[in-house]
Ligand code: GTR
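The form predicted alone is given below as one chain in structure tokens.
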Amino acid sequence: MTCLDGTKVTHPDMWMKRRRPEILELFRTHVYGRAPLGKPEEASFEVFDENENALDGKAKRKQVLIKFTKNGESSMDLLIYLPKNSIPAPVFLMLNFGGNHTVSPEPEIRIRKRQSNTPWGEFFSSEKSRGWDRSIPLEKILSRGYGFATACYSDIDPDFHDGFKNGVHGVFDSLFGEERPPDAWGSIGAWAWGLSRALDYIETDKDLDGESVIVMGVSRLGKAALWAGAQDERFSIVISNTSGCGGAALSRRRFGETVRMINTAFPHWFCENFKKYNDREDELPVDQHMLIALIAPRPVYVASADEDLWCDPRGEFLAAKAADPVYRLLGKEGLPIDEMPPLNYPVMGTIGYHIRSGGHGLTEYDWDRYMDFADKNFKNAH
């Protein structure tokens, strides 16, 4: 709430026109890096599959090839399910880990070969993994009037470090010139960029409500969802599920995974500048409550799990609470609780939060709360 020149933020215009752009720039410079802005000029969309009676007649299904470049050397498949009785539908958009075919067992869903330096790459490139991901209750989502859209994160950028020569980095980093600068985008920046490219398509599809898109993610993809929602104001609601360090958890707490640990284990996730803050979190000019505040005044939900101490549930709650003043400055409710709530007791203002029983990951309990939160906020908006 204080601008770089020391001016206190006292009214909404000052936040939106001065302080918010400053914070965005700080995150680009020191944490996530700088991505190409906006939709690529050569981007295109190709609907290559459409079924009016998918999932035993319960849904409409589409598969869309989103080309980031004219020749399609860089692209991703977007899988969409829609409730047949609620079109145009608000939609949950998220990246998945294993491939679109892992989300649903339908045989028509295309399998794309995974680039990977682990045995999982072979598994996820084969029929063996079809329907493997049980964390997405498609029928329940559809029954509540929501669509679901997903793409595999490795279509955008494979999750291993090869000097940023694969994925979208290998295609677009030439924009930086011959030498990659220390504030160039890492993989989290790339995945966030890919979520915005999915939204580019959604806005063109008359079956989808492009003004009611909920971006969400789990773990490292929860970090990407927060960064996508912070940068791209077209997203209506932003949801972080157990996103931890570099996501919703405060870096300065140094609890669970720390900046040094994450930069060492995953040197490709953030920009090079972020490594300067290994064991020096207090010198960071930002912390993660400021990331959440960038989403204001749009609704944001942060979720933790009590056995997932690596992600620092208390740090996630404290970050959500510390973003509250910005929401209140902008005339929104913020997070209507002062202390961390009990287990399985969701709290929903314009900022929502829960900590559930169990470990790291996405559960049906989480989904029920996210749909409740979307119901509440879309009803209030209309």
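The first residue of the sequence shown is number 1, and the count goes up from there. This one's a predicted model, so the numbers in the text were calculated from it and none came from an experiment.
Only in words, not in the display: the form predicted in complex with the ligand, which the text now covers.
Shown here without its partner, the chain carries Ser219, Glu257 and Trp269, all of which come within 4.5 Å of the ligand in the predicted bound form through at least one heavy atom.
When you look in the predicted bound form, the only residue of Ala184, Ile262, Ile136, Leu199 with a non-hydrogen atom within 4.5 Å of the ligand is Ile262. For the residues Tyr277, Phe172, Trp310, Phe164, the 4.5 Å heavy atom test against the ligand in the predicted bound form is passed only by Trp310. Note on the interface: of 108-116, 219-227, 137-145, 82-90, the segment with non-hydrogen atoms within 4.5 angstroms of the ligand in the predicted bound form is 219-227. Remark: His360 counts among the residues lining the ligand in the predicted bound form, judged by a heavy atom distance of 4.5 Å or less.
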